[in-house]
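Take a look at this single chain in structure tokens; it is the form predicted on its own.
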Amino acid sequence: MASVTLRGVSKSYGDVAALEPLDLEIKQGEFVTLLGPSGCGKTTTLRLIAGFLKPSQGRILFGGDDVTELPPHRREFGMVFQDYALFPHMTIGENIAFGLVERGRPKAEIDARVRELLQLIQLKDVEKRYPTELSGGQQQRVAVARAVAHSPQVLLMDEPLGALDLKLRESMQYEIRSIQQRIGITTVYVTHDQTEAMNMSDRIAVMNKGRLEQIGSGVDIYQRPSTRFVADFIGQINLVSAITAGPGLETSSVTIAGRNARIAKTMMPGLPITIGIRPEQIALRRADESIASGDNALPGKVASRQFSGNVMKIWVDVGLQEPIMLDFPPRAAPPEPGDAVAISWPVDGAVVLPE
């Protein structure tokens, strides 16, 4: 296994920059996900690591070895694609063994490795079957086994669960992560699905318009987004415009929709800012119900509501351009649209985002 290092790596097509200069260090055995919308540069980054594309600038290292100029077949990586790419005319055992056969490994070694991997992916009884006889999830597990059969230094995965339905995708997130942890292989995973990234990754690299916006654990990125894009892309959040009114010792006063509130950050007065408040940080009260001491509060009216199974989503009009969304317990009696209410959130329950 090896670390993966990108030093000032960029990719341009004429005057169009597909990837701005990128510095990224992926530790040995780490599972890092490249996350972002279509066209953000995540697949370009993966293809550069694989050698399918040549960088316009910068160097790529596997461990201490510079592989920038090496073709893909000379880089020690395994690849898993969205469409599995299994050979339909080969049995499952033959598919897994393919890379080992190509490398001229002894038959006894190949047979032992195939049995080991079938046990690992919990499909030990399907060696003689063909891909069309397996479900989508089973085929994807076989694809992972084939990718790691020759013991590569790095595993690259390009949206491998995109073709699966929701239930199967959720179970496969656990399966792939479990396999990766048991093997201990350095893994670079590409997806546009934020939940998938949060469930599987040691760290997430959020990308936008060819740039790395933020890298960190799922907790860091969700609770402490460093940019407006990251805050809005990861999970659900209310982005609220405010004006700073003056600093205190550890907090600052701000004005929101003509009312006073506080943020857990010292800032000079008169600055336009955006604060992000996650729906689960917001409490809903009747208009005449008392608010917890020290919490921020805004009066409003229920604009709409939506039942989502495990939670009721409620939107409250507090006089801003957009209503504030919050999570409401589904078993409690929800207010009706038009009801007068008040929302509240703790001072440290919001994050200040740069303009």
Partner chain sequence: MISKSPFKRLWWRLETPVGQTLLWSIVVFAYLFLHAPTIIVMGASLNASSQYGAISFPPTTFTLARYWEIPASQFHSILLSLKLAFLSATVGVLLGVPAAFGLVRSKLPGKGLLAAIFRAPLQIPTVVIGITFLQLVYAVGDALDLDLSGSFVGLAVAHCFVATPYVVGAVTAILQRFDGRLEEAAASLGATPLRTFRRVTLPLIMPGLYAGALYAFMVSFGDVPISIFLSAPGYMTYPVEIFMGLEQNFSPTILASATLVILFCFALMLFVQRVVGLETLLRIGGTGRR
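In this text, the rigid core denotes the largest set of C-alpha atoms whose superposition between the two forms falls within 1.5 Å. Computed from a predicted model, the values in this text were never measured in an experiment. Numbering follows the first chain given and starts at 1.
Omitted here: the form predicted together with the partner chain. The next part is about that form.
- When contacts are defined as a non-hydrogen atom within 4.5 Å, all of H73, T132 and R146 contact the partner chain in the predicted bound form.
- Interface membership of D193, defined by any non-hydrogen atom within 4.5 Å of the partner chain in the predicted bound form, is ruled out.
- None of the heavy atoms of T274 is located within 4.5 Å of the partner chain in the predicted bound form.
- At the 4.5 Å threshold, heavy atoms of E170 stay clear of the partner chain in the predicted bound form, well away from it.
- Not displayed here, the partner chain is kept clear of D125 by more than 4.5 Å at the level of heavy atoms in the predicted bound form.
- Note on the partner interface in the predicted bound form: the residue among V101, L120, A257, L239 having a heavy atom within 4.5 angstroms of the partner chain is V101.
- Distance criterion of 4.5 Å from any heavy atom to the partner chain in the predicted bound form singles out P88 from the list P88, G184, P106, G246.
- Only one segment in the set 217-225, 74-82, 263-271, 246-254 has residues whose heavy atoms sit within 4.5 Å of the partner chain in the predicted bound form; it is 74-82.
- Contacts with the partner chain in the predicted bound form, taken as any heavy atom within 4.5 Å, map to no residue of 222-253.
- Once both forms are fitted on their rigid core, the CA atom of P152 lies less than 2 Å apart between the shown form and the other one.
- Fitting the two forms on the rigid core leaves the C-alpha of R129 displaced by at least 2 angstroms between the shown form and the other one.
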